[in-house]
Ligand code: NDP
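So this first bit is one chain, no partners, the form predicted on its own, shown in structure tokens.
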Amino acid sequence: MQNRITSLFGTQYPIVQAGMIWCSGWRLASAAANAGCLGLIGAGSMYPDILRENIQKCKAATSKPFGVNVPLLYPDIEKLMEIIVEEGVKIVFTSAGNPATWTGFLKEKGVTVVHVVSNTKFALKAQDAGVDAIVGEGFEAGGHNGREETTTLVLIPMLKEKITIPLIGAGGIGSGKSMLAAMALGADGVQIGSRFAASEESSAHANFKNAIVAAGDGATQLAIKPLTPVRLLKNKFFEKINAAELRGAGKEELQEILGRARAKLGMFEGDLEEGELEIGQISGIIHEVKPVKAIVEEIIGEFKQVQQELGKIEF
């Protein structure tokens, strides 16, 4: 399965395992890499020394390509970038910030740069900044989300019309069927988060993984829009902050309710009531925690099967 994405990253499949906070440590990234995908370490929940440790352990666990996802609003961004270069990481995904700030620096060091966007405006800005590819992430995605609330089904073809560099579709993708659909719409590859969050190798707490499996239709909702939109599983914390938002609470009050380390409390420490549980809408069709290798085999098998079945349809 060779195309612009596999050629860019040197992977077997055009699949990226998303760099999710509290889920994407070296075990998940190396497992995804060994299964033929591009594995990403999620630096957003790591202090600089923890990121270095994860990069070194990932290098020891796989000889395949992997990268690091870096939210550009991270307070220690300079230290993270220094570590990434020092450790010889060759692929960096950036998000939540201006790609022009760090793309030039990384490209000078021989790093392939990909930026995550939720609309055409920022896709064009990222392309102009010199990134090598774009992740177009739709409204269905878990975690931090775009304010436009554009669905993946609409976003991918919109971006395809505007950009010339490779396009990776994300948001609501976690099966072979949805991967094929994204590529039919114009994506060169896909980024998958939620499905890998519920893998055996994910660093998320078992309670959170079980909550993902138990989730059904309507279990998630976009929240905290005045601060930064984030898709969450509904729980006691969600109901508290959502109620405050609905009655018009200001940013200061919402920030006070959110507090510090709320995502760590839920996703990493397993508090299903007071924790922030970031996950995508596709959690409603995730029914089992599996090893990464089995997940990838299932996705690729279904992709090929549906591709063949569609080829037999007559009009």
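Owing to the predicted nature of the structure, the values given are computational and were not obtained by experimental measurement. The numbering used is simple: start at 1 and walk along the sequence shown.
The following text describes the form predicted in complex with the named molecule, which does not appear among the structures shown.
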* Does the named molecule come within 4.5 Å of any heavy atom of residue 75 in the model of the complex? -> yes
* Using heavy atoms and a 4.5 Å limit, would one call residue 257 a contact residue for the named molecule in the model of the complex? -> no
* Asked: residue 22 near the named molecule in the model of the complex, any heavy atom under 4.5 Å?
  -> yes
* Asked: Looking at the partner-bound form in the model of the complex, is residue 143 within 4.5 Å of the named molecule by any heavy atom?
  -> yes
* Pick the stretch from 42 to 50, 28 to 36, 242 to 250, 286 to 294 whose residues have a heavy atom within 4.5 Å of the named molecule in the model of the complex. => 42 to 50
* Enumerate the residues of 81 to 105 that have a non-hydrogen atom within 4.5 Å of the named molecule in the model of the complex, in sequence order, or give none. => 95
